[in-house]
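Just the one chain here, the form predicted on its own, laid out as structure tokens.
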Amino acid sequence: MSSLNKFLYKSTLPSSLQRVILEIMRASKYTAHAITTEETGKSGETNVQGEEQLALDMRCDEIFCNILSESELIASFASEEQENEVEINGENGKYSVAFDPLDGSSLLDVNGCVGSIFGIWEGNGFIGKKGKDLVASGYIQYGPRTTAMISFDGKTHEFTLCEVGEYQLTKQNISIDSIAKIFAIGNLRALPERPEYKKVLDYFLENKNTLRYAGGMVPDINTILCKENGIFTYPSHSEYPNGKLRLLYECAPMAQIMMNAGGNATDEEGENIEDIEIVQLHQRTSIILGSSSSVDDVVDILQKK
């Protein structure tokens, strides 16, 4: 079994990028500890999205910010919990990191799985860049075990946090089938106003797909990658006309992770998520991702309005 440190060392990644990945993973260890030991109640604050923050939202954001701020390699970072990006070393830094420190925090009060998501771009800042410009991305799932999917050089790999406090490689070069057998259908509130989305649900049922929906992006995408097939859908509706999920912090990193495992990721119009330009730090998008043929089928259904 190979440790994450050794696995990265044997890769073709620059040593500077290896160090940034390891710093993010160090932050995830502190985050995992905070989730299991600290209060899950409300903080009384709201984030830039106007969403009520839990105390753990703020604590996990603090952990990531503090650790990334210490790195001389980081030009800037952006957190889903904060309005503006934070410049650390500016043009003297090599990489910019975007992250959602605690995705799915509404699941904490029922002891559900939650996660952290990150994406790493070269240079300073994010505006004008695209998902295809990512040099590495990943997520960490905090569940019965703490696991991480890390994607770079066209491949996606799983690592598990072991008793000794090190991430160990558990699955290498993950590959998913082109046809989904399981599905996670998000934003069901869109059904009454979008009959074509009801047809998507009917499509899953008629094909005898199995519902696996945890209610958080990290556990739902993790199911697809671990089961090596599946599809996740989150379209727009009147409350979120551009979609609800954030391109920078959630969708672009997840798209790279999925596509490097042989899947696909588009918006509901069929545009590849990796090709959408970042024009605002908190811009939103619809997303359909997972097994490539099934993604195409869902987009076709949504377009036949």
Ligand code: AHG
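This structure is a prediction, so every number in the text was calculated from the model and none was measured. So that there is no doubt, residue numbering starts at 1 and follows the sequence shown.
There is also a form predicted together with the named molecule; it is not shown, and the following applies to it.
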Residue among Gly93, Pro235, Gly104, Gly138 with a heavy atom within 4.5 Å of the named molecule in the predicted bound form: Gly104
Option touching the named molecule, based on a heavy atom within 4.5 Å in the predicted bound form, out of Ala78, Ala75, Met217, Ile182: Met217
When the named molecule is placed as it is in the predicted bound form, which of 199 to 207, 166 to 174, 122 to 130, 227 to 235 ends up with heavy atoms within 4.5 Å of it? 227 to 235
Taking the named molecule as it sits in the predicted bound form, is Leu245 in contact with it (heavy atom to heavy atom, 4.5 Å or less)? yes
I'd like to check something about Glu250: if you look in the predicted bound form, is any of its heavy atoms closer than or equal to 4.5 Å to a heavy atom of the named molecule? yes
Quick one: is Arg145 in contact with the named molecule in the predicted bound form, heavy atoms, 4.5 Å cut-off? no
